[in-house]
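Let's start with one chain on its own, the form predicted alone, as structure tokens.
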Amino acid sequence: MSGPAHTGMSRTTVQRNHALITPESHVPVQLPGWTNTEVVVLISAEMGAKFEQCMVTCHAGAELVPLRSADELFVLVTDGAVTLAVDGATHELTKDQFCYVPPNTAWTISSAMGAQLLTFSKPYIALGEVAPPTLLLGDLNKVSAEPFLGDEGALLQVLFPDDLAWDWGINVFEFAPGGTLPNVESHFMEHGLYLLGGEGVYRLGENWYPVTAGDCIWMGPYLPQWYAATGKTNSRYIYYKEMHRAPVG
């Protein structure tokens, strides 16, 4: 027996300078060289972004390899476990652990029993004679959470070093119910964001969007943006931002 007819409604919206991608509109694909996986490409150049953000379902026996050698890669394990093989060594990563792999590096990520991954990737932008970053391994539970601009209701975890070698940053924000960003931001840097938990309302341009765990947001350059946490529990999101480089166009 077939289910009820679809109403054609979705919270997903894609605009000229921003997008909200919600789980009911995900379409998994298979990417070349990523075996036993299903990939939802949340943000990509086709949208207008200069980076790529994906959710990856790894089935048992999954293996991922570089898609483009010039790309740098960030991976957060949101469930399950994977093995990263790079530079002749292996590293086990489980839920809430993450890695950064520099460009032009041979690596594989495999999962014996299955996992869920959030990935960010982009071409690395070199800066003169500054050497690119090296491999970084981390755990969200071991990164200090500091009050943002002194606000105890908005805690920020900075996952990458504040160093000129890094051309991007990945941070985690956690807001107590009623917590907000301190101002409406507008800047040349773009963002890719994923709601890890809780709920809130995001202002993107002149639009206001209710958001909840599992939602993804792309924010283009100079987009006015602001967030307020709602609900009765803390809300938490991870986001990408450009760092330490002049605007390019």
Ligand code: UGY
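For clarity, every value in this text was computed on a predicted model and none was experimentally measured. The first residue of the sequence shown is number 1, and the count goes up from there.
FYI, the form predicted together with this ligand isn't displayed, but the following is about it.
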- request: Decide if the three candidate residues K50, L76 and Y124 all line this ligand in the predicted complex, where lining means a heavy atom within 4.5 Å.
  value: no
Of I43, M219, L64, C58, the one that lies within 4.5 Å of this ligand in the predicted complex (heavy atoms): M219
- prompt: Which one, 23-31, 206-214, 185-193, 65-73, holds residues whose non-hydrogen atoms are within 4.5 Å of this ligand in the predicted complex?
  reply: 185-193
field: Heavy atom of F160 within 4.5 Å of this ligand in the predicted complex
entry: no
message: If we define contact as a non-hydrogen atom of the residue within 4.5 angstroms of the partner, is Q225 a contact of this ligand in the predicted complex?
response: yes
- prompt: Is the gap between W107 and this ligand in the predicted complex 4.5 Å or less for some heavy atom pair?
  reply: no
- prompt: Counting only non-hydrogen atoms and a 4.5 angstroms cut-off, does Y100 reach this ligand in the predicted complex?
  reply: no
field: in the predicted complex: members of 233-247 within 4.5 Å of this ligand, any heavy atom
entry: Y237, Y239, K241
